[in-house]
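Shown next as C-alpha cells: one chain only, the form predicted on its own.
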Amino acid sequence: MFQFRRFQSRLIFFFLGLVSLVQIVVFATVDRTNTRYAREQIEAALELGARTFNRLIELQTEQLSESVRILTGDFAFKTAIATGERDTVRSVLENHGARVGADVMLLLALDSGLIADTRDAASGTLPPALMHLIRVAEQDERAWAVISLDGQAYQLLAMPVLAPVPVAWIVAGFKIDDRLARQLQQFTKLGVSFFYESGGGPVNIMASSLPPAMRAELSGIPDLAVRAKDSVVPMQLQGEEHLVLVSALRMAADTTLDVILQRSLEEELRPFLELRIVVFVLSCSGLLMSLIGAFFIARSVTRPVRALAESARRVERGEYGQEVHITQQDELGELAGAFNRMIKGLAERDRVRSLLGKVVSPAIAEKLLSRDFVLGGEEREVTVLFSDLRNFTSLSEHRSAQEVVTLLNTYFTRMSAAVENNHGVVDKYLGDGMMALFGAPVQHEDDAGNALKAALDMCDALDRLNREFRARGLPELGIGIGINTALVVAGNMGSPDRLNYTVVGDGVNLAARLEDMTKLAEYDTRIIASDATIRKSRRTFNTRLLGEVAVRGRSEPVTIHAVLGVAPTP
C-alpha cells in the first residue's frame, strides 16, 4: 500500500488513477466503434462504387452513341466514304473523333474489311471479338463491348452508316487506361483497377489508378478475382489493411471486364484519429481540473486561482493589457509569471497574425501559421487565374505616383474581393496584374467552377469601376484573364529565412500564356480558359470554342474557350 505524507499527494494519486482508468475505457470503446464504423462505411462505398461504374459506362456509351449517330448522318461524311480514298476517310474520322472525344475511330466495309483506322500504330489485324460485335450490331442496329486492340483495351461502339441502306460500319470508342481509372477514382474516392477475368490465378491488370508498387502487389495476389467476387474482403497492401471488392461490369458481345475497388482502412480511420486526440485532450483537461479541484481545498490558493481565472477570461475576450499580480513565491507564483509571459506571447502572435494577414491572403497566412516553416511542396490539382490590366499606362500619364497607387489599390481591392468571394486566394500582385489560386492552400468542391465565376465577377467589377472612372473623367481600363486547371506543385518556396506559399509547374505557365492571348484581336474576349478547366467545372458556363492553339513550351496544342457568362439554370 502506498503511503503519502501529504494530503495533496493523496488527492493527485486518487484523481490521476480515476481519470486514467476512464481514459483507457473510453479509448478502447472509441477505437472499437470507429473501426467497425469505418469498415461499414468502406463496404457501403465499395458497393455503391460498383453500381456507379456500371452507370457511368452506360452513360458514356449513350453519349458516344448519340455522337456517332449524328456523324453517320452527316452528308459530308458519307461523301468522304464514297470517294474510297483511305487518307481522306481517315482524316474525316480523325476530325470527327476529336470532336466527340473518341480515342479510336474505325470504318469497316460490310464484309468487315478495314477501310480506315485512326490509330497510328495499328497492326491492321482485327480481333474476332470485333467481328462478333459487328454481327451483334447487325441484329440490334448498334452494339458495344470492351475489346482489346493491339494489347490496349477499348470500350467500343459499332453502328451502321446508312445511305439509306447500310454501306459501311463505323466503330468508335474510348481507351480503358490509367487516365480513366484515375478519373473514376476522383469521382468515387476509391482505388480502381481494371482486368479481364482469367479464370483463377493472379489477375492481369490492364489499367489502374494505383501506384506501380501497389499495382504489382495487387496483381500477385492469387485467386483475387474469386475471393473478392461481389463480396468485400480485407487484404494487406503496402503494409496497410485494405478492403477489396471485385465487380464485373455489364458488357455486351459476351465479354466481361472486371473492376477491383479498394480503400485503405487506415485512411478511412484517419479522421477518427483526430477524435482520439480530442478524447485525449479532454481526458487531460479533466485530469487538470481534478488537480485544480484538489488544490482548491487549501484556502490559501483560492484567491490566486480566481485571479488567474479572471485573467484567462480577459485573454479569451482578446484583452492582453492587464497582467496577473501574485506575490507568492511558490508554484502559483511561478504559474502567474508564466501566465503573464504567455499573455505577452499571445499579444505578439496576434500582432504578427494581423500583419501577415495584410501581406498575404488570409487562407495562406493561416496555413503558414498552423505549422512549422518548412521548404517543400506537394502535388495537387489547382486552378490558376492570371489577370492583367489593359490601358493602365494611359491612365497613369500626367498623374502623381500617389494618385497612381491609389487608383491601382482601388482596382486591386475590387478584383481581390471577386476572387475571395468565390473561395479563391490572391497568390501575388504582379505590377498591374494578379495571380490567384483555386484549390490551394484550401480545396473546395468546385475549384474550376469557382475560378470561372470569379473571372466573370472581376469583369463585372471592372465595368462598374469604369463607370465611376467615366464620371470622374478618367479613361476606361481593360482586363485580360487566363485560367487553367492542372496538377502543380504547391508549397513553401524560397529560402529558410524568407519563403512564400505559391504554386509552380507547366500548368501555371499555361494560365499566364492564356492571359496573354486575350490581347489578340482575333479572339475578341476578355477571358480565355483551357479545356481542362471547362471540363473540371461542375457548373455550366456559356463559352465559345476558340479551337486548338500551339503554346510556347508545350509540344501538343491546347484547346481553349472564351468564357462568356454563367449558363442559365434550366
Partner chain sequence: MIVHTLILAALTVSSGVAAAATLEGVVRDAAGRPVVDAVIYAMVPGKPQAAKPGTSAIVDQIDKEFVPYVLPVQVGTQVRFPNQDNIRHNVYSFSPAKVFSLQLYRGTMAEPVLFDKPGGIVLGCNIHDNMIAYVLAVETPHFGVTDAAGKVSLRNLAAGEYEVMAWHPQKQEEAAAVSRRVSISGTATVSFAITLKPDPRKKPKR
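Note that the structure is a prediction, hence the values are computed from the model and not measured. Positions refer to the first chain, counted from 1.
Omitted here: the form predicted in complex with its partner chain. The next part is about that form.
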Its partner chain contact in the predicted bound form: residue 267, any heavy atom under 4.5 Å:
no
Closest heavy atom of residue 87 to its partner chain in the predicted bound form, within 4.5 Å or not?
yes
Report whether the minimum heavy atom distance between residue 150 and its partner chain in the predicted bound form is within 4.5 Å.
no
Whether residue 79 contacts its partner chain in the predicted bound form should be assessed with a 4.5 Å heavy atom distance threshold; does it?
yes
Partner-proximal stretch of 79-87, 172-180, 485-493, 157-165 relative to its partner chain in the predicted bound form, 4.5 angstroms, heavy atom
79-87
Could you check which residue among 94, 141, 420, 476 gets a heavy atom within 4.5 Å of its partner chain in the predicted bound form?
94
Within 4.5 Å, heavy atoms only, which of 464, 99, 398, 472 is in contact with its partner chain in the predicted bound form?
99
Need the contact residues for 425-444: heavy atom within 4.5 Å of its partner chain in the predicted bound form, sequence order, or none if there are none.
none
